[in-house]
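Here are two versions of the same chain, shown separately as structure tokens and labelled structure 1 and structure 2.
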Structure 1
């Protein structure tokens, strides 16, 4: 059975329905990224799992044991749930040394002083904080503080850790190092981790599974490849990457495929529009890197005028205009001003 199970969770805060029906499962050795726009309830979900907010309906099970059950009015208090929680602000106790911060959980559990010391030292060592035990939080860098916060949540060996945007307070360079470190640590300790982020690139990089929240529901859940490569909804498609959007009218839908009319040109694409009738408004969505520069006319091709170009280091991003559309495309090289043909491959063009 999954280490953490959330079933049909519903929560209201200040009279507003924040989570309307959210379910998820989390296994050990797995990182699930909780993704969603700001205010979509990611933190609220995490806090509900930890028992810091009280849902009004649904169930939460940790290690197979229910800790919250709306139907049975069961609500195990936070301290008895035995979860690890890393706060977005780290929430290190400023008046305690690093050691004392980490040791507190053991002290609460009545662990003997000598064993406390060894376990704290071991945890700090494993996080590369060996020499910093006597410092106070304000004497540490942002990255070190983050590690102390992690150490504090792992020292009592919880199986489930909840991380609320653990990387958002680090600067860009440090963030990339920290996410590799975090992923390795969670795998090594065989933890079940639920990690909130609002950054899709971070979610793709770190997670085994992504859960996209929107409007109080799970918009889509799946592996990073599925979420990026096979979005089921327009929202997911738009959220998971940088896209072009071609607005037009749906001509036909047949099985996997659909045809979209954009400014008089017909485009073939992957049907994602359910049973929309022909003639309905539709949108074609395609990732920037899926748009190709080609020579001359053909199927799924259109001619555009180059407006501007931006050099991004490993490649260029070109911006085109034409037929009432703005289109961006990634390309290895620079381009001459003027008209260019672009192809929108049918396998990578989703029609919603």
Structure 2
């Protein structure tokens, strides 16, 4: 049984439809990341599950029990939903020690003092904070504060944890380390976690499933591998990863393959354009790392002028221009100025 179920959720804020029909299921040991542009409804969905925003239609179930049902006018208060919540700002009490911050959730629930001490100590130890219980938030690093916020959300043993951009306040290096820690923690504790993030790399690295929202609807949902490697729509293809877009005219569509005319050159690719007729406008999308530098003309190849290059440590990113197009490509080495042939492999070029 899924620990969190959202069915056809709809919410209106200030007369504007924010969520128009959103559904999801979340099981224990899973992290679902909510992705999407600003205003797509990510945070509103998280806050609706938490009970901080009230939808007008749909259902939300936690542990199989309804906590919101629009048809029955049921709306269980936030504190009675049994959810853990990690805020973006951590929201730690500055005048309370780490132990007191973590224990506060238990105190509110009327847990006996002796039980509070036991559970706080166990939770802090599990997060590597056992020796820091006497410190105050200002005496901790950003990563340690983040772990305290997580400890506070886990100490009363919820099965579902809501994470609102939990790593956004960390610097780049700490974020990379925290990703692994967070994923390992969710798996180890067998929790169900719903996470809002603006960082695609974070979602790909941490999540078991990604829900991409667009204008209040679910544009596509799937594993990180599916979302990155098999986008079903042009929006998904462009939103996930770094891409080149080649606009042109559909020549033919045959089964899983399609042909696109781009500035007089025919490109074969994977058909994602449905039943578009020949002559219709179309677009080809390809990841930067899929573009190859090659020697000479050939199938799915065009010649471009090198505009600039950027060294990114593990690879170079080169920018090319020609035929009315700007194209970027990843490559292991530096390039000399001038003309270069680029190949756009058909198996990695999606035609919409």
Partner chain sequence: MPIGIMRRLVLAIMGLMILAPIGIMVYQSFLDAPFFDANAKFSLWAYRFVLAEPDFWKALTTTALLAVGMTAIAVPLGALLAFLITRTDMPGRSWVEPLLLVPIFLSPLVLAFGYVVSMGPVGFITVWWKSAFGSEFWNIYSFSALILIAGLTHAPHVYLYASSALRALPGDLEEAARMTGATPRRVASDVSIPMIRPALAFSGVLIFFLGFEVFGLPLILGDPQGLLVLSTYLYKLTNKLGVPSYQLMAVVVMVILLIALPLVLLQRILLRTAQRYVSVRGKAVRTNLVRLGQWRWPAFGLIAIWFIGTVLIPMMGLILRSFVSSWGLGINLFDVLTLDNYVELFDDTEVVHAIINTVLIATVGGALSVGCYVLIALAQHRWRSGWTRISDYLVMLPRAMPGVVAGLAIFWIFLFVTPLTPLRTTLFAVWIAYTLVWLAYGLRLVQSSLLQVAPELEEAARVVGAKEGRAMRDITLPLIKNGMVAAWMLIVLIFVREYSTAVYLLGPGTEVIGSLVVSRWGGGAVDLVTALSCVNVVLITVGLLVAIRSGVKLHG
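C-alpha atoms forming the largest set that superposes within 1.5 Å between two forms make up the rigid core. Numbering follows the first chain given and starts at 1. Because the structure is predicted, anything quoted here is derived from the model rather than measured.
Comparing the two isolated copies of the chain, the first one is the form predicted together with its partner chain.
Comparing the forms between structures 1 and 2, the C-alpha position of residue 97 differs by 2 angstroms or more, with the core used for superposition.
The Cα position of residue 110 differs by 2 Å or more between structures 1 and 2 after fitting on the rigid core.
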